[in-house]
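Below sits a lone chain in structure tokens, taken as the form predicted on its own.
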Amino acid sequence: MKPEELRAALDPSAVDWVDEAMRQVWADPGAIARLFPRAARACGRGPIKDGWTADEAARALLLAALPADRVAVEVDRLYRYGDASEKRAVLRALPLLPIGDAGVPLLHDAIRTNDTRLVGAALGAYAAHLDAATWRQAVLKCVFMGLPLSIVDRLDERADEELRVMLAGLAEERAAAGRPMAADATGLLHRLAGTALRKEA
């Protein structure tokens, strides 16, 4: 979602708080350090649209209010010192920010965790900046953790033969242990296998 769509999805009272908070960030970018954690209390944590929560939307808008030369520094700081909800908000906001590939280390950190919310948030649109090997491992981790593959942005576009081999190996291990692989992962494996056969033909 674009910043204007996030703002439009918020309740009027939350919009009032966000607008004032954004003005403070415009005037003093360092103010985001105290405003970012307050977003949940001010705007609530309820769902709004397309999987976003109100506090995530508010935090993304605060990040979008930062001047371009402060975005990378503040994003890194807010992620490093934030709680799980704040980290997730940073990850979800990355595609909206003029940050280039400076946010990639945050994706690596999120993917290393066992927090399903962070792993899922790391595989949104900004995951386009991940190298192929890291992206494949992250997709496989989603399967291990039982996350729906629908959270992976551009899954069918980026899935390749190496991912097919990895999924096939996991499917064999699961079958040997009497634990079938999730239906969406099996479906992806079948699609990749069909692509491989067509290429051979």
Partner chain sequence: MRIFDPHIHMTSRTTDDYERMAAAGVRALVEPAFWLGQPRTSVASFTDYFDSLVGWEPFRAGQFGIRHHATIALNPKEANDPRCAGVLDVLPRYLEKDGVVAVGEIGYDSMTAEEDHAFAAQLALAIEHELPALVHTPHRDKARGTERTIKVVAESGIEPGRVVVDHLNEVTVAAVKDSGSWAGFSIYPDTKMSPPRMVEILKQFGTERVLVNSAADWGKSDPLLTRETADLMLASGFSDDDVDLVFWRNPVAFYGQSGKLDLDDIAPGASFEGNSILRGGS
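Predicted model only: the values in this text are computed from it and were never measured. Residue numbers count along the first chain shown, from 1.
Omitted here: the form predicted together with the partner chain. The next part is about that form.
Of the residues given (G169, P47, P67, G146), G146 alone sits with a heavy atom within 4.5 Å of the partner chain in the model of the complex. Annotated contacts: A40, R59 and L78 all touch the partner chain in the model of the complex [non-hydrogen atom within 4.5 angstroms]. Proximity of A133 to the partner chain in the model of the complex falls outside the 4.5 Å heavy atom cutoff.
A residue is said to contact a partner when one of its heavy atoms sits within 4.5 Å of a partner heavy atom; A27 fails this definition for the partner chain in the model of the complex, lying far away.
In the model of the complex, at least one heavy atom of A84 sits within 4.5 Å of the partner chain. A residue is said to contact a partner when one of its heavy atoms sits within 4.5 Å of a partner heavy atom; R154 fails this definition for the partner chain in the model of the complex, lying far away. Shown here without the partner chain, the chain has no residue in 1 to 24 lying with a heavy atom within 4.5 Å of that partner in the model of the complex.
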